[in-house]
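There is one chain below, alone, in C-alpha cells, taken in the form predicted alone.
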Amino acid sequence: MLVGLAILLVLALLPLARPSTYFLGFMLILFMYAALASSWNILGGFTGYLSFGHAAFFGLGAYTTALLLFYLKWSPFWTMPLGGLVAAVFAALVGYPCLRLRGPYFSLVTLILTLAVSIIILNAPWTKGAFGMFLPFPPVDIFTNHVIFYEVMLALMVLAALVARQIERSKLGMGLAAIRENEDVAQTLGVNVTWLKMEVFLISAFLTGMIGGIYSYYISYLHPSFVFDTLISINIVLMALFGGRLTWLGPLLGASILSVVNEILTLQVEAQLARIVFGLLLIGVIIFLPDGIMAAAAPFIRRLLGQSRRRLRPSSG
C-alpha cells in the first residue's frame, strides 16, 4: 500500500519537473489505457465475459461530452459523469439480451454493437457525421493544457483501479468469481447471476464512458473512426489479459508494459505492422498466459517474499 501511494505521489508531482509535452502526452495515454483495462476487467476479467465492444461505451462518452461542449459550451471536466451515464444507459438497454449469450457469441455481439453505434453516429447530422467535430482548446498554454489532462486522466485511472479493487474484495467479487468458474453451478447455489452480470456491466460502461468523455476534449477533433475504433477494444482486452485478469492490479501492469511496447513499435515500424504484432501478442497471451503475467509471476513473488521474511526473522540462537 505504501509503495503504491508513493508511486502515485511521484506521478502526481511529475509535472513539476517540467517534462516535455510529448512525455506528458504519452503518460496520459498510458493512464487512459490503464483506466480502460481496469474498467473492462470488472466485467471481462472478474466475470469471464470477454467483451470486444467497450469502444462503444468509450465513443458514446466521448460524443456526449463533445456535443455538450460544442452546442452548450459545457466543459467535459464537469460533464464527464454524463458521458458515463449515457454509456451506462446504453449498456442497460443492450445488456440483458447480450449477457444471455456466452463465450465467443457474447464477444461477437459486443463487437457488432460497436460497429452499429459507429454507423449511427457517422450518419447523424447533429454529430457532424463524416466531417467530424472541432472542439475548442482550454484557454491555457500547451504545457499547462497537457498537465491538466495528465492529472485528470491519472485521477480516472486511480478511480477505476479503486473500484476494481473494491469489487474484487467484496461479496460481489466472490459472486463474479463463481460465475467465471461455472455459471450454472453458481446459479444453483443461489447466486443472482443475471443481476450481478448487469451490475458490473453498467459499472464497467460508466467508467469507460467517463474516460472517453475526457479523451474527446484532449484530442480536440472528434470523428467516429477515432473513438469507435475496434483496435481500442482489442488493446483493452490484450492489456488486461496480458497483465492478469484475475486481479485488479493485473490490468494496470499490462497497460503499462504494452503502452511502452506500442510506443516503441509506433516509432520504429509502420502502423500496420504494429497492429500485426499486437494481434500476435493477443494470440500468444491467450494460448500461453491465459491468466496473465501476474499469475505466472505469483509463485516467484511468493518465494521471494518468503526468503525475505526468513532473513528478517531473528535467529533462535
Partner chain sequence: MLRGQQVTKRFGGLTALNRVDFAIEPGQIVGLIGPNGSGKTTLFNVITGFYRPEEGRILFDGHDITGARPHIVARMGIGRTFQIVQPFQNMTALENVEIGVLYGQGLSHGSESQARAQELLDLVGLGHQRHTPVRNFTLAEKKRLEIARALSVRPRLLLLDEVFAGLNPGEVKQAIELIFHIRRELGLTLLIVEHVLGALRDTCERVIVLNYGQKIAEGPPEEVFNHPEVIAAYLGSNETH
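On a predicted model such as this, the values are computed, not experimentally measured, just so you know. Numbering follows the first chain given and starts at 1.
Below, we refer to the form predicted in complex with the partner chain, which is not included among the displayed structures.
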query	finding
4.5 Å heavy atom contact, residue 145 to the partner chain in the predicted bound form	no
The partner chain contact at residue 175 in the predicted bound form, heavy atom, 4.5 Å	yes
The partner chain contact in the predicted bound form: residue 103, any heavy atom under 4.5 Å	no
In the predicted bound form, residue 116 touching the partner chain (heavy atom, 4.5 Å)	no
In the predicted bound form, the residue from 156, 98, 196, 202 that sits within 4.5 Å of the partner chain by heavy atoms	196
The unique member of 238, 186, 227, 86 whose heavy atoms fall within 4.5 Å of the partner chain in the predicted bound form	186
Partner-facing stretch of 166-174, 219-227, 74-82, 118-126, counted where any non-hydrogen atom is within 4.5 angstroms of the partner chain in the predicted bound form	166-174
